[in-house]
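A single chain comes next, written as structure tokens; it is the form predicted on its own.
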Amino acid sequence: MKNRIITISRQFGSGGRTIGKLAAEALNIPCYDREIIEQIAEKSGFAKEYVAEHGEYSDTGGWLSNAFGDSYLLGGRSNQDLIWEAQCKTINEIADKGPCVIVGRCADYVLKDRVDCLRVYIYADLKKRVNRIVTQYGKLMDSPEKRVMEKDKRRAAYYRIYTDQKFGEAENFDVALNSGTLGIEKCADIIAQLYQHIAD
């Protein structure tokens, strides 16, 4: 069966996580999101909170950096490098188990050489993404726009560091969907239909 794995890459606030879960439910296959963090934490020995922040975002000197430091081990590997190695191993192990959806964590790149992978990118304009995070989480910060842009910047920087590619480049994906225009449910439906069509 082709395209057994679906990877969901997404802009912050675009609803990619929800879309991935809905697509997985429609296809009756597992969706791995935060579960990956727990497995990476076990493999790397770092706390889940640390893995959550350093497994998808570049370090910009926040409180986690101050608390744990960005120390380098012998051989020039940083804590983030160790997490990356554990992350790649975890994603490949999950993909080997069978059909599933994997959200984030550079899974599109980690699994780029697999023929059984459908790589999806979810995006939306800034206003709609800001509205979404405010609706979901409330206005917990003075500038939700700034938070969204900062998250995008850090995610793109992390992607660049470990893949040497630009985050969101069309050539790195099989399909890109605008959740702001299409809606969350429609994006999930399209992904499920593509998966079933190509798999057949």
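Residue indices: 1-based, along the sequence shown. Owing to the predicted nature of the structure, the values given are computational and were not obtained by experimental measurement.
There is another form of the same protein, the form predicted in complex with a further copy of the same chain; it is not shown, and what comes next is about it.
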(request) Could you tell me which one of Glu49, Glu38, Asp33, Asp174 places a heavy atom within 4.5 Å of a further copy of the same chain in the model of the complex? (result) Asp174
(request) Spot the stretch among 25 to 33, 166 to 174, 40 to 48, 143 to 151 with residues whose non-hydrogen atoms come within 4.5 Å of a further copy of the same chain in the model of the complex. (result) 166 to 174
(message) With a cut-off of 4.5 Å between heavy atoms, is Val130 one of the residues that contacts a further copy of the same chain in the model of the complex?
(response) no
(request) Decide whether Ile91 counts as a contact residue for a further copy of the same chain in the model of the complex under a heavy atom distance cut-off of 4.5 Å. (result) no
(request) Mark Tyr121 yes when one of its heavy atoms lies within 4.5 Å of a heavy atom of a further copy of the same chain in the model of the complex, and no otherwise. (result) yes
(request) Answer with yes or no whether Lys21 is in contact with a further copy of the same chain in the model of the complex, where contact means some heavy atom within 4.5 Å. (result) no
